[in-house]
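Presented below, as structure tokens, is a lone chain in the form predicted alone.
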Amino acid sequence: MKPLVAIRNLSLTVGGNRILDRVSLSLAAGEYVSIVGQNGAGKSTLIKCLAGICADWRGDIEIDGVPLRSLSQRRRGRLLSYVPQADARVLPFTVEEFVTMGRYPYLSPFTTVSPEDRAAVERALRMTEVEQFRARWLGTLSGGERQKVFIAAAVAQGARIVLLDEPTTFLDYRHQHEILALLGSLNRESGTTVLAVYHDLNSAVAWSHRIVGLKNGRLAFSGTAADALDPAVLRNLFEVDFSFVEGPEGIGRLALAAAGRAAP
């Protein structure tokens, strides 16, 4: 079966530094894939190449069999949506205005928002449970609430693939869980393909079908979530030893970095 996303020999050099080095990776439609690795491994850069934020890459990227570079901005927007890291950005829009902007691949400067667009916005607000915030300015929301609104905009966009760059970073445990549950629901119930960068290994393992590990800009691991919890795999990726505990029912095994024990 043809993959929905096919990446072959993706490389990117910035200022003489090789950030990505011949990375090859594919995603099937409906997969939930998480990217893990040390800081500086190239995780966010890989996502940004797909999202069109980094443009000077070399290699091949195809989306549904079509070269990424040949896609118009409108067509790309119908296939890919991007959710950045949670941060303190304050944008001068209400929640409803911002989520409606997610419909940009279907609008033009000379058209108004259609009933279909409004229905997509309402579905996104309901699914992400931010309906009650629709009239509030983004700057009045907490970090977790604002991140849910960014995901709502991606849902309203209706893209087949959602790209997320560390979606739970800086969030408290409650909002982390809400974001992870929301992404899991989007993947299961809507069939949306999810490719996410995670700083927290256990979150990645708990929610993903597959784990991809990057190290020094290269693909170092690709396998099931269970296979990722191999001590040798984690030692290679993170250069530290891990211990393991059994989590609550339904969570499975958890990995804990062994304090003070760097891998030899």
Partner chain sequence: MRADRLRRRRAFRLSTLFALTLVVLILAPMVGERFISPVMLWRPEFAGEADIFWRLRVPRVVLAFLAGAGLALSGLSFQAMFRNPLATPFTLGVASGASLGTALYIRFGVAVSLLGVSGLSLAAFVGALATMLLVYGITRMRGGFSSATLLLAGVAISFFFSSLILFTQFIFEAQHSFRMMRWMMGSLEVVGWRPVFNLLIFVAVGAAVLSALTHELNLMLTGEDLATSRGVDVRRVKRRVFFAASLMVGGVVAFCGPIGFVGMMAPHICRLLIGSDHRWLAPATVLFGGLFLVVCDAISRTVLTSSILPVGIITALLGGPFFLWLLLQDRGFTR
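Owing to the predicted nature of the structure, the values given are computational and were not obtained by experimental measurement. Positions refer to the first chain, counted from 1.
Omitted here: the form predicted together with the partner chain. The next part is about that form.
Every member of the trio Leu91, Phe98 and Gln157 reaches the partner chain in the predicted bound form with some non-hydrogen atom inside 4.5 Å. Heavy atoms within 4.5 Å of the partner chain in the predicted bound form are found in one stretch of 196-204, 213-221, 33-41, 52-60, which is 52-60. For the options Leu164, Ala86, Leu80, Ile179, the one in contact with the partner chain in the predicted bound form, meaning a heavy atom within 4.5 Å, is Leu80. Shown alone here, Leu186 lies farther than 4.5 Å from the partner chain in the predicted bound form, counting heavy atoms only. Looking at Leu107, you'd find a heavy atom of it within 4.5 angstroms of the partner chain in the predicted bound form. Proximity of Trp137 to the partner chain in the predicted bound form: non-hydrogen atoms within 4.5 Å are present. Although the partner is absent here, Ala153 lies within 4.5 Å of the partner chain in the predicted bound form, judged by heavy atoms.
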